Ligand SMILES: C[C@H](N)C(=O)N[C@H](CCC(=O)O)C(=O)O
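What follows is one chain in structure tokens, specifically the form predicted alone.
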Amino acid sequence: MKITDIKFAMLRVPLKTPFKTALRTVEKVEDVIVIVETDTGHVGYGEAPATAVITGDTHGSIIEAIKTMIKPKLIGEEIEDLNRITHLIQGSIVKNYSAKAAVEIAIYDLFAQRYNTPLYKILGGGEPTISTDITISVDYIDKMVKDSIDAVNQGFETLKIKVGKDIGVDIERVKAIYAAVEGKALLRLDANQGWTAKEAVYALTKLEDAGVRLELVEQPVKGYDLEGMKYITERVHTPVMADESTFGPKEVIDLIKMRAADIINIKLMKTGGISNAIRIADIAETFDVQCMIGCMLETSISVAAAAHLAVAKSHVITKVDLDGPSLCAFDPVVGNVKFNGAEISIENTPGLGIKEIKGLEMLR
């Protein structure tokens, strides 16, 4: 099975409600879709969002990186040579993580199709059902409380609360939500790099003293501020999770050695794809550190790949934040991964099992 061409499309899907964080407000998913064709007629699909404020990637940079730097290296390559192909992808250009991720996802999809088995089985097997949290966007307190109650009523048992806008209001937001859903759902906080280290310690201490029990707090300070992460981790009881602080395997090793976080958030769009995500999970397991699998604003193409990885690495990926498809107004993908509220399940069909993607706009 040889690679013969790589094509591009855009996929636009409105969100049910605007997605608001400390960094941005988004009203629809607008992602680049990568289509890898082969001489056997098999097709692999990948996806990349333009999350410039986090990864630095834009639609233009994703397409250009793949078209001019990655694609020329892959045409004619045998899908069976997976390690060689991922090495070519990762070595083709520095950074450009989302572009690399989109191509890798399509390659892994084809690799599993080549052996006529679901991707998670190729990656090691596991129980093909997992549960995700759902994000509560930062907003007025009453709105966030209502959204949290609605999510619980829909069957979500873990809520990821976006904070990081205003430290005083953030504390009141979390207290109000905790009072509304205590005993019904776990709370995770995500500050999206919006606090300083001292603000984070202040806020978390206030919440802990008020009896608020949080499952974790995600990336309270800037991604580059490992000393700030360490400062917080040493001073609060709430587990601290690194997201933007950890893109690749080396950064994970450095952060773990510094004891600057308790949990690692793996996102394919940060790691540059599945190959590095596997390395990060293996490193974390070596150091007995838990991981979460997360996503950007993505549809069920790339989120499906993350779900397959989470199933295969469930012994170390113990937390799941794959709510992208749940935030979309509809699922444009007919595939083997089913997103039913909090439950994500994988059917026994080859690769990612994508049969159809509705609404694709092919690009030249």
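In this text, residue numbers run from 1 along the sequence as written. This is a predicted model, so every value here is computed, not measured.
The following text describes the form predicted together with this ligand, which does not appear among the structures shown.
*Asks:* Would residue 104 sit within 4.5 Å of this ligand in the predicted complex, counting heavy atoms only?
*Replies:* Flag for residue 104 set to no.
*Asks:* Taking this ligand as it sits in the predicted complex, is residue 233 in contact with it (heavy atom to heavy atom, 4.5 Å or less)?
*Replies:* Output for residue 233 is no: heavy atoms all beyond 4.5 Å of this ligand.
*Asks:* Contact with this ligand in the predicted complex for residue 90, defined as at least one heavy atom pair within 4.5 Å: yes or no?
*Replies:* No.
*Asks:* Using the partner position in the predicted complex, report whether residue 267 sits within 4.5 Å of this ligand, counting heavy atoms only.
*Replies:* Output for residue 267 is yes: heavy atoms within 4.5 Å of this ligand.
*Asks:* This ligand isn't shown here, but in the predicted complex, which of 323-331, 33-41, 55-63, 307-315 has heavy atoms within 4.5 Å of it?
*Replies:* Careful reading of the contacts points to 323-331.
*Asks:* Can you pick out, from 147, 225, 170, 244, the residue that has a heavy atom within 4.5 Å of this ligand in the predicted complex?
*Replies:* None of the others qualify; the residue that does is 244.
*Asks:* Given that this ligand is left out here, which of 135, 158, 86, 96 has a heavy atom within 4.5 Å of it in the predicted complex?
*Replies:* Only one listed residue qualifies here, and that residue is 135.
*Asks:* Which residues within 279-306 place at least one heavy atom within 4.5 Å of this ligand in the predicted complex?
*Replies:* 295, 296, 297, in sequence order.
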